[in-house]
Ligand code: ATP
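Below you'll find only one chain, the form predicted alone, shown as structure tokens.
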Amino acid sequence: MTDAPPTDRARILTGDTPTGKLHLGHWVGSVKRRVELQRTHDCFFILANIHAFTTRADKPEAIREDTLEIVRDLLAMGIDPEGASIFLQSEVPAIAELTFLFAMLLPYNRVMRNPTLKDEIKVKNLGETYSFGFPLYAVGQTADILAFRPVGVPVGEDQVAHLELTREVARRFNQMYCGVHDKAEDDDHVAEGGVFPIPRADVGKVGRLVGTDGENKMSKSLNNAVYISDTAKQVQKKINKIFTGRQSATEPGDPNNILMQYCEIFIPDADRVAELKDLYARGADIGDGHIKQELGAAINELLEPMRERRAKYEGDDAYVIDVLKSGTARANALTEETLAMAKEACGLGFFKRSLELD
């Protein structure tokens, strides 16, 4: 791997918590946008392996394996490690230091009002048993982002609340330690002396993909996901399980149900999608089975090049780790600069330090 040269392009930060392989929800919600942005922006993609410990601290081997699998998925989907930086959260100490600093700027009750935290507690049945680190990860995500001083963050719809917390932290830090006026426009914070830009959410065309159960967001834990690495047969089998409640090909169907939503997202021919929706709504002798076959074929056409690329990295941990090491070195160079700026602003800048990966 070679180090990407520094650029003057606008910077982007986004990434994934390693909780399993990537699926279609990741593709349409964020990764497709990352592939586009890496051509025009300076892109950093975090693997938040420390955050994975907030709910799976007893499964370190699984987290490590999931981390490597996600790199394979990202490479398969078209992320170019020579241009974009894929890096490990656990090997970027500036993030941990900024997390602690930012925690002082947020009241506990503000963190716990984060709707994404509430949803995860409910969906994962955590009750009152979650660790102290679980709500802390919401603060940690603000550090993940702001350590890179990005202008934008490609996210799924469910992550917008996390980004709003990040925007609050950036404003508060700039106002408290950099003298930025509390009435300053977001776009003017850096020009007025702030360390951190106020990053914008860049939500993918499909902000939230419902899983094959037709109810919940696509997720490994809910067993309703179609993975990038699934075989063609596995993809078709999962699509065939989508339930619509429709009894026959002559029964008018809901043109906005989950099956038709998938058609809109994954069948590239808009005219054909419009035709299918019309036939479906009228019950014009077109069965769910036929539509599922057509949908499965379209999804497999999308995934086949990804599967072929991914096969090249199967079992090659050395190359995957090399990608991570190179990306992490770039991440450390930038985040150490950010941390020094933040420390200087709040009176902690006593002397310089440097980091080196072995």
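In case it trips you up, residue 1 is the first one in the sequence shown, and so on. Here the structure is a predicted model, which means the values were calculated and not measured.
The same protein has a further form, the form predicted in complex with the named molecule, not shown here; the description that follows concerns it.
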- Query: Of the listed stretches (242-250, 185-193, 98-106, 219-227), which one has a non-hydrogen atom within 4.5 Å of the named molecule in the model of the complex?
  - Reply: 219-227
- Message: My question is simply whether M77 lines the interface with the named molecule in the model of the complex - judged by any non-hydrogen atom within 4.5 Å.
- Response: no
- Check whether T328 has any heavy atom within 4.5 Å of a heavy atom of the named molecule in the model of the complex, and answer yes or no. no
- Message: Can you work out whether H26 and the named molecule are in contact in the model of the complex, taking contact to mean some heavy atom pair no more than 4.5 Å apart?
- Response: yes
- Tell me, yes or no, whether T67 is in contact with the named molecule in the model of the complex, where a contact means a heavy atom of each within 4.5 Å. no
- Item | Option touching the named molecule, based on a heavy atom within 4.5 Å in the model of the complex, out of Q159, Q89, N174, T212 | Q159
- Query: Quick one: of V155, V180, L165, C263, which gets a non-hydrogen atom within 4.5 angstroms of the named molecule in the model of the complex?
  - Reply: V155
- Item | the named molecule in the model of the complex - contacting residues of 106-131, heavy atom within 4.5 Å | E120, K124
